[in-house]
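Take a look at this single chain, the form predicted on its own, given in structure tokens.
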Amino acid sequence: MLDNSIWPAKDYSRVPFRLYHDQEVYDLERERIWRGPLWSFLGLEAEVPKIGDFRTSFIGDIPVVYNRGDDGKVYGFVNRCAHRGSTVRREAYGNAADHTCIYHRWCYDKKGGLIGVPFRRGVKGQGGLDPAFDQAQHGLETIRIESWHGILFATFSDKVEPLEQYLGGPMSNMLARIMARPVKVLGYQRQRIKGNWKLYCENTRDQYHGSLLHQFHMKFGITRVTQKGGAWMDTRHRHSISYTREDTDAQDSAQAIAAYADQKVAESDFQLKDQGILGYKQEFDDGVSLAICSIFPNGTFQQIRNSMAARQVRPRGMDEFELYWTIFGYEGDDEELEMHRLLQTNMIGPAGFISMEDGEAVEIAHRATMLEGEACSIIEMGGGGKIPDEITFKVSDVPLRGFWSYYAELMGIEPEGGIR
């Protein structure tokens, strides 16, 4: 039985491996997280610019559709026919006046309302539905959608706090910064990772693995622990922004490399014949060249130099998830900058110079912990105890503890006297 006795430490510096591998845990997540009182990242308004434009997506493992309604607003619903449960929209995207299930042709409008049932009155007076059948009561399950600077968030709950309040000051400000100009979607990438979805949420909050796991990061100075950086969190510590200010260790690059001597990660002949991917045009006036914005439970927005992308985590059971990348630039980009963004896309995704190691790291951690139900991880880098709102250094696990603190609250398993 899952209860609050599962935690070996009240400050979430010990995380039981059972939480990645227990079917009871996964089933409870579906109820209390994906259908719970919070906002999940869904997509971008720029993906459905015209009336009738639709896209399929997921909230957790629940398939959904979002589309632009006749009034210009974005509406969403569960992608599952009210009749026999078939998938209504099988395409990834498109434009349509309505949505018809292929199985028995039940038809729904852009808000998910049922507007047509073939043979409703039967044939020649035989069969069909009862005359008392009320179409208005049998539409698709709807979701509530709100936009923050063009980023769409969705919820099943009528008890969720206002979206801006949920995001908190640091995250709402950073997302407004990234989305300050109209965006242009440049493409998509998808990958399947054989690991628990929460391992990836930890990965995006882990500030210092990038300069150890990712040779590309350290070798070319994209992020090192010797550079100025840290993390900003909301007051509930559910979201985290890991940031770096590039070249802030340039005056002492020898010392920066020496910091990795014990790990020997700098001992490599790895070079680039074409240095173009490393170019950086400063677009923001705060000096932040790398920002990884981790939004509980399923979203990440990135700025890695001039590479901009959103990532959505889509669980596929407790042992696998899909990572869905939406790569974007800005409408005002000239051709040279747009091509540069696309070039830097080679750093991310399943075969990216940086991101390919993340999937592998998640998988090896998942496999190695599968049979260790009583063991736990140790996340004490940066200290234990009370979780701060801001960290001004990069060698820290503190944002991970923030994730688990909010997770425990939602799941109803906060330890007695738990430290937030």
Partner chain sequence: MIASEKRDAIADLMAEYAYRIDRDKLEDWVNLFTEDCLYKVVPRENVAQGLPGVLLICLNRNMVHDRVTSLRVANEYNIHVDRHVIGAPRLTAQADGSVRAESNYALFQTNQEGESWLFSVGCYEDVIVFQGGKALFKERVVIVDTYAIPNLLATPI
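Treat the numbers as computed from the prediction; the structure is a model and nothing was measured. Positions refer to the first chain, counted from 1.
Another form exists, predicted in complex with the partner chain; not displayed. Remarks below refer to it.
Comment: 181-189 is the region of 181-189, 283-291, 166-174, 142-150 lying near the partner chain in the predicted bound form, near meaning a non-hydrogen atom within 4.5 Å.
For the candidate spot formed by M339, L343 and P350, every residue has a non-hydrogen atom within 4.5 angstroms of the partner chain in the predicted bound form. None of M308, C101, A231, I193 but one reaches within 4.5 angstroms of the partner chain in the predicted bound form through a heavy atom, and that residue is I193. Taking a 4.5 Å heavy atom cutoff to the partner chain in the predicted bound form, the contact residue among R35, R55, R68, H366 is R55. Contact annotation for E360: at least one heavy atom lies within 4.5 Å of the partner chain in the predicted bound form. A residue is said to contact a partner when one of its heavy atoms sits within 4.5 Å of a partner heavy atom; F220 meets this definition for the partner chain in the predicted bound form.
Among heavy atoms of E322, some come within 4.5 Å of the partner chain in the predicted bound form. Although the partner is absent here, M356 lies within 4.5 Å of the partner chain in the predicted bound form, judged by heavy atoms.
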